[in-house]
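The chain below stands alone and is given in structure tokens; this is the form predicted alone.
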Amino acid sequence: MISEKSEGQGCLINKVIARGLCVRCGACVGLCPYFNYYNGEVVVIDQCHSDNSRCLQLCPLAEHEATTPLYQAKVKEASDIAIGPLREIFLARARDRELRAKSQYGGAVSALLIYALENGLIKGAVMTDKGDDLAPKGMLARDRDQVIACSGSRYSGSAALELNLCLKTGMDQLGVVGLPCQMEALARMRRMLPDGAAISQKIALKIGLFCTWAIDYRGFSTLLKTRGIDTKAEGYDILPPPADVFRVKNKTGYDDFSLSDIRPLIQKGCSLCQDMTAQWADISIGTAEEKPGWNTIIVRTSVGAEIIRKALEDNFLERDHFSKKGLEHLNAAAANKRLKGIKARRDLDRSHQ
């Protein structure tokens, strides 16, 4: 444990990192010079003596007086709209077949980012790379090839260090692709920091990804080594039920794992998450269980609605109907995650009283 003389860093370490709750969202990395990200872990370099609590205010796993209003506004018992606010929900995929072949599922995320870059709507997109010898991490994509290089699911925490670095250099018109925890960190930035509104104006587009959990990268690397697998992973996927299979793709084929082998590697902090569909994003995107090869698109804001409209008009995307049954299923899954997260948070709070 570290002294809480620094209200921000000390509390963040004691309440989140030391408890093993960090989900590697990257909100603190690059914001504070004493947090860094290395090979799947957020590491503390030195003790910070600042009392402004910025790192604590941005952390989606920290409960603190300054963040309570946002937490209470977001967290409610399961409701009729567990997937969060929406203007529209439908199925979509990239019209470009080559792009779909290089992407996961329908390639809608890649298509939207490429469209936004090529039409000057954003100057760069903060994404997560595939990782090389180390864990996946944040990177700035500026063109089609770089966007495609980051396509596909990771299923592991990957601190978006690049975003804070870009913001510090004064870069604007940024697109950000992230998990629900990362979208929440951006919402906290906008609402909790004195300069949050000005900083947020530099982010032109937020694309959130559906997420039920992420695994600990180092633990997963150890599992691969115990199975004698040392090839670089090209992508990951969970096969539709009842397969119960976690698939790791590589250059020569794939290796399958039972989900029972993967679940012990799920990050502890993921159990506290109450947001499956990235409610704080402009556009939320996930797989479409009812139609393989397509994406589920949830349009949440006017920003999201406008780029979707343009991408459809210019034939970057094609769309299809999202069924009532599919909506009921998605909403039930989101409500289930919310209730589990609320219970896990209450249980954690009781255990530390």
Ligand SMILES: Cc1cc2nc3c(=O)[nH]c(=O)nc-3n(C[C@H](O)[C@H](O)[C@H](O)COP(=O)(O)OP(=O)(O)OC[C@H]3O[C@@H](n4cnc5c(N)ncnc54)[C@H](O)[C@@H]3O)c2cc1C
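The first residue of the shown sequence is 1; numbering continues from there. Quick caveat: nothing in here was measured; it's all calculated off a predicted structure.
Form predicted in complex with the ligand: not shown, discussed below.
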query: Complete contact of G84, Q279 and T301 with the ligand in the predicted complex (any heavy atom, 4.5 Å); finding: no
query: In the predicted complex, F220 touching the ligand (heavy atom, 4.5 Å); finding: no
query: 4.5 Å heavy atom contact, S103 to the ligand in the predicted complex; finding: yes
query: Q274 within 4.5 Å of the ligand in the predicted complex, heavy atoms; finding: no
query: The ligand contact at G175 in the predicted complex, heavy atom, 4.5 Å; finding: no
query: Candidate stretches 104 to 112, 167 to 175, 188 to 196, 221 to 229, one within 4.5 Å of the ligand in the predicted complex by heavy atom; finding: 104 to 112
query: Of I262, C211, L91, L205, the one that lies within 4.5 Å of the ligand in the predicted complex (heavy atoms); finding: C211
query: Contacts with the ligand in the predicted complex - residues in 138 to 155 whose heavy atoms fall within 4.5 Å; finding: C150, S151, G152, S153, R154, Y155
